[in-house]
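Below are two forms of the same protein chain, given as structure tokens: structure 1, then structure 2.
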Structure 1
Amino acid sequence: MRSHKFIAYLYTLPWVVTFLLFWTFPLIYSFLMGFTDYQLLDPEYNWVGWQNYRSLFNDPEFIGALKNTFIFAFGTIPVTTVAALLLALLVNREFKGRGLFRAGYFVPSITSLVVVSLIFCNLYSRDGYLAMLAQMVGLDVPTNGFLYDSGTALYAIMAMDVWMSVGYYMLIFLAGLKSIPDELYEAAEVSGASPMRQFLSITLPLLKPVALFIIVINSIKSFQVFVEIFVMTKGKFDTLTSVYFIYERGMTTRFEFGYASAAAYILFVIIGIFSLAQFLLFRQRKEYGW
């Protein structure tokens, strides 16, 4: 038995090394870096305490990035969640060709974000397809297209995000719907409850944990929006988001590692709250079995 135990430790070794080397160490490293003025051009570490954090909260660019991130999250999440639920209800019942619709709706979410962003760059451009459609129904199109205009750029990216992720959350809702026992509906049918009544008193309450879970993981994802911004606007036209801010300050011309690390930790705390919620839901999730 002793040798069994030894071999078990051996099996876990790859994870232990990865966990320490690629997670724990960088997390501590960047936490400490956040208290220094370390940067590429002046590569000397000076301990500056909370200075970076204080500057960040007085940095209009960072505040703007946080604001945009919140707009992105709170704008897309309700739309995505409701749309995903409606889609799931539409394709949940047995009918011919159901698999085709399910798969078709899901396709955007398995595609590379770079590709999707490039396609939408084209569609959103001044003489792109969407501009054409908007003009056909009599909407105003910004002179430089939807992405090169501060009034529309962020919303255009948000719309793309909904289009891309709705199929993914639809699948999770479908899994949730499947876990509701048929007997509940049968009993409701016997007692003469209308389909609407059944939806409101059975489906909706029992889907609540799934919906919560979707909202939480979508929040965590939304606070990390990066690729879309990188490919489509480079943070211009009022689309700067938190991760793009970290990237721009830390990884481009300025290479302000200390400052950017502090910003990353602020984001970490925000996402941490949602992650904690996810952890609590995760424990609950086992009981529901989806």
Structure 2
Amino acid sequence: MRSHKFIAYLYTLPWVVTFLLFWTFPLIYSFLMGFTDYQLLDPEYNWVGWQNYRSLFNDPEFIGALKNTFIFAFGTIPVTTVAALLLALLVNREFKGRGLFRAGYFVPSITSLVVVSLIFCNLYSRDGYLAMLAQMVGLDVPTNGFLYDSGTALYAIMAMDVWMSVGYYMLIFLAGLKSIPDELYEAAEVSGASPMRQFLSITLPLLKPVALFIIVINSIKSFQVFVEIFVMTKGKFDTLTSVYFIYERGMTTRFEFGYASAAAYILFVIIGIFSLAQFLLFRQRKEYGW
């Protein structure tokens, strides 16, 4: 028996070593680095305590990046969640071409984010199709295109993110809908409940855990938005977000690893608080009151 346990521990050793080396060690090291003024090009560094954190909260660039990150998260999460739920309800019904409809909405979710961003760069350009459509319906179009104007750039990226993400979350909602027993709807119909009453009293309560899962993972993704910003605007035109700020301070010409590490941990705490609040808000009760 002991030899079997030893072999079992031996099999888990590669995972444990990988976890400690590439996850735990960087996590602790970057936390400690946040209390130093370490810069890659300067071998000398000092322990500065909370100075980096105090400087960050007085840094207009970082405050602006946080503001843009919150706008991105609070602007995309509700729209994506509601749109995904409505689409899931739609494709859960029987109609001709349902499979093609499902696939059409899911394809953007499995397409490379870089490729989608480059496509939307063309669509959002001054001579792009979206500008042409906007002009056809009488809407004002920025002179240099949607991505080169501070008033529209961030919202244009948010619209692309919603379009790309909604298919993935639609499938998760669809799996949740399939798990609801048909007997509940049959009993509700016998009782004379309207479709809206069935939706409010059966569908929504039973989809609560699924909705919580979607909102949490979508929140984490939204607070970590980076690729779209990197490809489409490089943080210009008021689209600088927290992760791009960290990248710019830590990995470009500045190489301020200590400052960037402190910013990363502030973002880590914000995501943790936001996720915990969602768990408390959507806490599942053991009984249902329909």
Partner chain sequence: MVGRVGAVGQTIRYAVLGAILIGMLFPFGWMVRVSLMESGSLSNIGLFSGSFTLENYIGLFEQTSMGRYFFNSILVGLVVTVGNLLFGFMVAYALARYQTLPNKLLFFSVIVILMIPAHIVIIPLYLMAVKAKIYDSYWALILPWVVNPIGIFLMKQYIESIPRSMEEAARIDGAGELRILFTVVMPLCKPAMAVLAIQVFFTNWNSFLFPYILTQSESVRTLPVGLAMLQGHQAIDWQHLMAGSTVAVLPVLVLFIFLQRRIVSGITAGAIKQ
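For the two forms, the rigid core is made up of the largest set of C-alpha atoms that agree within 1.5 Å on superposition. Start at 1 and count along the sequence of structure 1; that gives the residue numbers used here. Being a predicted model, the structure only gives us computed values, none of them experimental.
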note = Between structures 1 and 2, the form predicted in complex with its partner chain corresponds to structure 1
ask   = Once everything's superposed on the core, is I273 shifted 2 Å or more at the Cα between structures 1 and 2?
value = yes
